[in-house]
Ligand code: BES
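Let's start with one chain on its own, the form predicted on its own, as structure tokens.
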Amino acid sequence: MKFTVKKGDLTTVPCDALVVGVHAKSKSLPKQISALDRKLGGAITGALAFDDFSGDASQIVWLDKGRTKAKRVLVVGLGPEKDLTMATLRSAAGTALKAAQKAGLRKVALAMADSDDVEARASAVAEGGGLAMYDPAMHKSNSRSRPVTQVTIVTDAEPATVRSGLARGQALAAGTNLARDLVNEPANMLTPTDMAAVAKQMATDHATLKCKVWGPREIEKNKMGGIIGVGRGSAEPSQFIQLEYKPKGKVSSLRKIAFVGKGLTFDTGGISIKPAAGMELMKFDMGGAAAVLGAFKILALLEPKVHVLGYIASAENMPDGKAIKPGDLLTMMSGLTVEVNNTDAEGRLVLADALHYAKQQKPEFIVDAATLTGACMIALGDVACGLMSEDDKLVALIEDASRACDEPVWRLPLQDKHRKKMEGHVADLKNTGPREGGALTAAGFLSRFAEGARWAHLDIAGTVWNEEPEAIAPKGATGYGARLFAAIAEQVANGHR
């Protein structure tokens, strides 16, 4: 989808659909839209007078083109002006473009008045539009999806400022949609080796990125017992993917941070096998890894002044004759030993090695993301991801980033007692604890491998997948975490401590 910027009269722009936004309970229309309303014979004010269109957020109404160069006019509600947020604009833009797509309209013109935050508004429109146009039907042989191909922003603002905002929004959508593609991919189309290839290609495409991959030989050599153990039952070789982002120019004084992602491209549960119902969704067990890759795509496009490391532990958890068994012992990269009392608690095992390795690189802090526990889904549903850390300042930074990108987090109370519940019988640790507080005991387990580092854990099990489509997120992968990771990096680049 191509975005362009044009100054001028809304009514003279040739397009398939002309989109304008109106606020609920507004006593008068802005100058730009008021002029359009006159060309439409008062159709906009007329629509606002009826009960079925009040201007509430993301309501829409189609109008006749009147005396304009558009084929049709679409009015989208923005809600009360005092309540307008960038999230509202993202949803409104997404709703409008989806409506245009459904009507078979390819070229859209969208009105945007000048304002103090016009750059942010342009970013929200491009981001919402890019996310709404995402099509998960990547393998359909006869897809009839005909997305909007061109959006012209008609504005009285400075075009360069609007273009800057549009570029930012497109970058955010691109990284999120990459994460969606990866999560939506069937497991036979995205193995650990395939995921490593995606990371390598990103580094080839962007000069600010580097990528190194350890295969089974290097994983064995570095004694990454968690990754070795989890991947042992699969014919697909495990991969440890290492990414690095550095902006152009001098980097010696930049702050360095690290992101870690769980990359289970499929999780059967291993010998502790999962029920058959719903197991097909276990292709999304690499949602944390997808978030890391999507974030690095965004970083490469936006180039914030921060040094970012990324680590992905990728494997398949399968139940063949070589697979680890309940009761087996693993020695992790850190030297800690773990009793495997449930092979379906595999994500924390691969993350443990990745966290230990990340800690050795001495970043300012580490944030990991993982589709880790059903317990977090029970606690928070799909409304927010679980945020667990004992570092209040790091939590504050992540919460600020969450608000900036509109990917919600909710802090859960990680305490020392959660670590104690994970102490083993014949080994240092066991990989599952009691049923109660499962998300927290999992975080307690991980914390043992991040000791000595500032660290936070994001359990994204509930937020990585949509069963019901939304304005800017179709059914399936949400891409959650890509924008959050990127926003965390930008917070650091902007001096947040």
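Numbering starts at 1 and follows the sequence shown. It should be emphasised that the depicted structure is a prediction, and the values quoted were computed from it without experimental measurement.
Omitted here: the form predicted in complex with the ligand. The next part is about that form.
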| property | result |
| --- | --- |
| 4.5 Å heavy atom contact, residue 110 and the ligand in the predicted bound form | no |
| Non-hydrogen atom contact residue 282 with the ligand in the predicted bound form at 4.5 angstroms | yes |
| Contact label in the predicted bound form: residue 342 to the ligand, heavy atom within 4.5 Å | yes |
| Contact test in the predicted bound form: residue 374 vs the ligand, heavy atoms, 4.5 Å | yes |
| Proximity to the ligand in the predicted bound form, single hit among 36, 440, 461, 472 (heavy atom within 4.5 Å) | 461 |
| Residue (of 127, 353, 346, 368) lying close to the ligand in the predicted bound form, criterion heavy atoms within 4.5 Å | 346 |
| Interface stretch in the predicted bound form with the ligand - options 161 to 169, 267 to 275, 327 to 335, 81 to 89, non-hydrogen atom within 4.5 Å | 267 to 275 |
| Residues of stretch 408 to 443 in contact with the ligand in the predicted bound form (4.5 Å, non-hydrogen atom) | 432 |
